[in-house]
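Just the one chain here, the form predicted on its own, laid out as structure tokens.
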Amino acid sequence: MAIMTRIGLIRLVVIAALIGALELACRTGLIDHRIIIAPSEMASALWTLLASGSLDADIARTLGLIGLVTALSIVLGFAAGIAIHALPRLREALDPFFATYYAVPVFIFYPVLIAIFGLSLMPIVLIGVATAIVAMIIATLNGLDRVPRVLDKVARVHRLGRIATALQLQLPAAAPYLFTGIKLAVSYGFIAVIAAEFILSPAGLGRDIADAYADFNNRRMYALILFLLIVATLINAVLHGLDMRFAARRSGGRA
């Protein structure tokens, strides 16, 4: 535990040093303010935007979409992973597809989705799910592959049914891999929603960033980027903390 705390402090020091270096470079003119503004100026602009309440609707829209995309990707990806794992021939056919899935950008289908569904939330949700779900499917398959076979014998000895075996034995054994899938689904969902809003959306934080960029409004653009960085960092920190806590429990508190 002490090692993890020390690593966390080192990370904070490194981040603070980088922020300080960027602040100094911007304030001394080493970096042109038309390219990047100082971090303190970003924070000031973000505070002004949040205090004004002008971003409330876009924040609620974007974070709501990210939550919806993540939830759908986790649930559907987990269910699909279980089904594919139970059908070896289907998995054998799909394995090459999973291996090359992220080589093809999902966003190439965005114009088609816009033509079908229009400028609604549906194209963004579909793009987000299509981007994140495969990571959850692969994590589920990896987790189920690594469930010790001895657990099947334990289930038979205790006369556990299929559902009880899955809930009490198989899922706990596969939990580390499933949690990795959850973290990846959250990351991919976050990226996909923001990118989809940036490309072609009537509202949302991604749209706000695109508009600020087009208007050469650096203060607003970097303030919004800073907000997204803070949210993404907090989400990742929470997920990492949960992962470490579960790992410590699995190891009997020795992690």
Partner chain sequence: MTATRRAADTLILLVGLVVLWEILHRIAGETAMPAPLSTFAYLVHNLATPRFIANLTTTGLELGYALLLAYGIGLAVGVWLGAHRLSGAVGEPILVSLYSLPKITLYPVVLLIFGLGISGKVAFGALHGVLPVALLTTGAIRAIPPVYLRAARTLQLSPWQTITTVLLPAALPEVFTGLRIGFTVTLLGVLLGEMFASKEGLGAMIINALQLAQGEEMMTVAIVLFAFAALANGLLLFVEHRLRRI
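All values reported here derive from a predicted model rather than from experimental measurement. Residue numbers count along the first chain shown, from 1.
Just so it is clear, the following notes concern the form predicted together with the partner chain, a form of the same protein that is not shown.
Shown here without its partner, the chain carries 24, 68 and 246, none of which come within 4.5 Å of the partner chain in the predicted bound form through any heavy atom.
With the partner removed from view, the residue among 146, 153, 89, 159 that has a non-hydrogen atom within 4.5 Å of the partner chain in the predicted bound form turns out to be 89. Think of it this way: in the predicted bound form, the partner chain has a heavy atom of just one of 94, 75, 173, 82 within 4.5 Å, and the residue is 94. Shown alone here, residue 218 lies within 4.5 Å of the partner chain in the predicted bound form, counting heavy atoms only. Of the heavy atoms in residue 107, some are within 4.5 Å of the partner chain in the predicted bound form. Among residues of the shown chain, residue 19 is not one whose heavy atoms approach the partner chain to within 4.5 Å in the predicted bound form. In the predicted bound form, residue 195 approaches the partner chain with a heavy atom inside 4.5 Å. Annotation for 113-130: interface residues with the partner chain in the predicted bound form are 114, 115, 116 [heavy atom within 4.5 Å].
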